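Single chain ahead, by itself, as structure tokens, in the form predicted on its own.
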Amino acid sequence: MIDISIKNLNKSFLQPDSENKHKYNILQIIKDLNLNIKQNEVVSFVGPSGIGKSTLLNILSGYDKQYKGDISINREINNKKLSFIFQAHNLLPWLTSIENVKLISNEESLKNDSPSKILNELGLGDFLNSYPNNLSGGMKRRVSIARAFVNEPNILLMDEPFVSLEKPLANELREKTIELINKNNVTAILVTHDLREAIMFSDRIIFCNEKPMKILLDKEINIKKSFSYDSDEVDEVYKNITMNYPNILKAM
């Protein structure tokens, strides 16, 4: 079953002309993008900065409605069904950890005490009433992950959620996020510059080139999403891709 269908997606921006401040040029960032993502599939987009990967997530989430083409999402989209983990933790500083999670929790989650349960599961049981300025960067990231899963989403969008973390912590949170994805049977899209991270998470990796964004390679990944970042299994796939697709990686 197809969960997300993208057909002939085009997205452009107006860009100020460098030589004439009164003139604007059309910058096309996504051109004729076609892609299907299956139910419970995890797909990663890998490519250079500024080619439209984050823009694509904004379109899929409904934040950006200014595009041409057709986006079809099989499952009902509401606060329970679709969730987003951003690069920044985006916590409200005047709310505690649990208040930040409760803020976006639906009635069912609140009734089941899901905010405290998910925060405990992420190791923040002793910090439920702590404010963001009293939390480490890793703790803030855990709260943002808790918010993403508190309503048991069907579809999860992730925009480089581990990019600013030190490697040991990033690895720990990657593995925990994969565990939650598997537990909730989530269909997920990950945007990342980290090929190993993409391999670790993905059933498929979409390699993209410079803007306008175009798919260079749609690569199936045949390992379980339970292996760690530095595992032999991830390393073997990494070597296979870098050896067999050097032109694709160079074009990125």
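A residue's number is simply how far along the shown sequence it sits, counting from 1. The model shown is predicted, which means the values in this text are computed figures rather than measured ones.
In what follows, reference is made to the form predicted together with a small molecule, a form of this protein that is not presented.
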Task: Asn222, heavy atom within 4.5 angstroms of the small molecule in the predicted complex - done: no
Open item on the list: Quick check on Glu175: any heavy atom within 4.5 Å of the small molecule in the predicted complex?
Closed with: no
- [ ] State yes or no: in the predicted complex, is some non-hydrogen atom of Met243 no more than 4.5 angstroms from a non-hydrogen atom of the small molecule?
- [x] no
- [ ] Would you check, heavy atoms only and a 4.5 Å threshold, whether Ile26 touches the small molecule in the predicted complex?
- [x] no
Open item on the list: Quick check on this chain: which one of Glu160, Glu121, Glu179, Glu99 has a heavy atom within 4.5 Å of the small molecule in the predicted complex?
Closed with: Glu160
TODO: Would you kindly say which of Asn185, Asn34, Gln66, Ser49 lies with a heavy atom within 4.5 Å of the small molecule in the predicted complex?
DONE: Ser49
Open item on the list: Partner absent here, but in the predicted complex, which of 66 to 74, 34 to 42, 53 to 61, 223 to 231 has residues with a heavy atom within 4.5 Å of the small molecule?
Closed with: 53 to 61
